[in-house]
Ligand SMILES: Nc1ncnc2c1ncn2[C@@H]1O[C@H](COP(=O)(O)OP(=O)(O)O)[C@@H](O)[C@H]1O
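Shown here is one chain on its own, the form predicted alone, set out as structure tokens.
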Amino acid sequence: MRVTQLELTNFRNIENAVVRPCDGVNIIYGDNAQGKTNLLESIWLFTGCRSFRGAKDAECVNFNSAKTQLSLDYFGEGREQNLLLSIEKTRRFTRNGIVLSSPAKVMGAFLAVVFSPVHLSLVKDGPYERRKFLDVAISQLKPKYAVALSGYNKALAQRNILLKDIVYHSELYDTLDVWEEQIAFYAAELIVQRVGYVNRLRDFTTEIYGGISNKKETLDIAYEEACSTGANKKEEIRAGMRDLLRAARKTDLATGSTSVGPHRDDLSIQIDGLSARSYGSQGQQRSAALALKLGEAAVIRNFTGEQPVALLDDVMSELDTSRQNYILNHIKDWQVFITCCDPRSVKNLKYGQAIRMQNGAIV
């Protein structure tokens, strides 16, 4: 999969730009706050996912405009394709001339992985960031997962509202069954998909981290259920989750929130048997996060047969020469977009092109 042309109109500080990248490594360089990360963000949005910076849709629109328009020409699934994205109050996608009914419909059409400084939170922060990583990664591969996740979150929100209302309206107690049934149904789908994904991801991340660390350390990951049903088949997980929810009712009524379910699960990340979050150095944590993202790309390629586009935001400047060399060698056959302030930070790159940005424009 590769981008052949990108057009941007009124996207953040970029009023108008046309980018025709090469098939290999594209270095986007310039001073800070010139629009380098904005360019990467615009490409990422074509995956159908939200901004990797956590921005709301409205924040992507240029201050002097009410609407942004993006166009992506790319080669994927053996043919040239086009995606259009307009952002006004909401996002609207058009794929090959056909308007899509929702952003979820575009998931799986254009595949990419992104790594930026914010992704250090994968290792440094709490379970929420790691669950989000799994949810985004799986949704690209299996769009139906995103539907199940949305269903789960809605049912969970309804149960939490009900837990608070029952204190004042005890007659509502029996309606817990309805929402717990829905939570259990969607929870089984999420858990099965997450466990399967982590099992695929593990082999790739272990190998990649070994390369980054020059085989001096070992990375291992595992999916951790906060409250396990002890089952691994979907129907058994569903029944077990239903039992766990019922058993937790007394506690949940006291707190007004649901204490069991995949919304409390985590991804364990260990280096040489110790928690990377608690005991890893800053360099180890960065390398672990990068291994997870490069492993995500490997899973996509293995699952779909398509090599995703790699978006690396200000990564190379934080790595020593040996780690830079490994990353560049690992991605040499990919289409890659790398942002940096000084193109000499990737001086070992032999093939590719450099794109300079200044004040939101390509110079």
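If you're wondering where the values come from, they're calculated on a predicted model, not measured in any experiment. Just count from 1 along the sequence shown to find any residue number.
One more form of this protein should be noted, the form predicted in complex with the ligand, which is absent from this view; the next part is about it.
- Although the partner is absent from this view, Asn62 contacts the ligand in the model of the complex, with a non-hydrogen atom inside 4.5 angstroms.
- The shortest heavy atom separation between Asn32 and the ligand in the model of the complex is within 4.5 Å.
- Taking non-hydrogen atoms only, Gln335 never approaches the ligand to within 4.5 angstroms in the model of the complex.
- Shown alone here, Ser42 lies farther than 4.5 Å from the ligand in the model of the complex, counting heavy atoms only.
- For the options Arg323, His330, Arg301, Arg53, the residue carrying a heavy atom within 4.5 angstroms of the ligand in the model of the complex is Arg53.
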